[in-house]
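Below sits a lone chain in structure tokens, taken as the form predicted on its own.
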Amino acid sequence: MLVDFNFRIIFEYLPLFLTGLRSTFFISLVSISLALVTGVIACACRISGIKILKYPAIAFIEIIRSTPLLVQIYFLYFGLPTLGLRVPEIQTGIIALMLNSGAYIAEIIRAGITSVDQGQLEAGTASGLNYIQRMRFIILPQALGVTVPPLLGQSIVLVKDSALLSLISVMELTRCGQTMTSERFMPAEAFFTVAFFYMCIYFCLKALADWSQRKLIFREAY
């Protein structure tokens, strides 16, 4: 099987794939950062007692989680221009990934906050701590240990989901594989290379997740 596998073509297209790798890394980094901010805001609004903030946050989270990411990308890419808003492809992709991951991150953070025992909150209140102090000294330190692993897992999912942006002509890793296939008609070589780079990103993020989990376990034991 490997006799017909042309590694020379892979090395010939390596600069293109490295460009796609940089684009994927940039898109993922910006999207994850913005999704984290979006998730924190959405979570804060959802757990708040203010109805004008709570219900829109719930609607946002449920709508995003109940619809496919591809539909959301197409809605932003094809739907916004009909409303008079023209956004470049890469920005459209970042917005879609930000909103999609932001909804899941909001639920991850909310689960971490609600996992804190209610008795500890009552003890903090009895000790005279206000809401901000309870969040800082009781809730957030414990919620951090619960939420960091799933947040890193969501980051891995976001990186892989960025491949869908190739459908709106964003020049990332998967789009580079499509370009090589259309020019040389070598799908095995093209998408083997794409898969290899995604695996490299995955194992780097997985190593980071394992390292952070070990550090959190050490702190808890300490």
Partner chain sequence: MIEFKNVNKWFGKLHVLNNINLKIPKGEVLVICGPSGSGKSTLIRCINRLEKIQNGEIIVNNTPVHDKLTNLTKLRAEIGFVFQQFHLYPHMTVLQNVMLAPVNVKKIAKAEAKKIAMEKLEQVGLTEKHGVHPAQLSGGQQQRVAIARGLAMSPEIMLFDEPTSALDPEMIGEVLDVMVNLVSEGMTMCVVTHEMGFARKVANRVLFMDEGAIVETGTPNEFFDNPKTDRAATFISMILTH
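As the structure is a computational prediction, the values presented were derived from the model and not from experiment. Numbering follows the first chain given and starts at 1.
Beyond the structure shown, there is the form predicted together with the partner chain, which is absent from this document and is the topic of what follows.
Within 4.5 Å of the partner chain in the predicted bound form, a heavy atom is found for all three of 117, 127 and 142. Taking the partner from elsewhere, residue 122 is found to have a heavy atom lying within 4.5 Å of the partner chain in the predicted bound form. Taking non-hydrogen atoms only, residue 137 approaches the partner chain to within 4.5 angstroms in the predicted bound form. In the predicted bound form, the partner chain sits within 4.5 Å of a heavy atom of residue 133. Annotation for 27 to 66: no interface residues with the partner chain in the predicted bound form [heavy atom within 4.5 Å].
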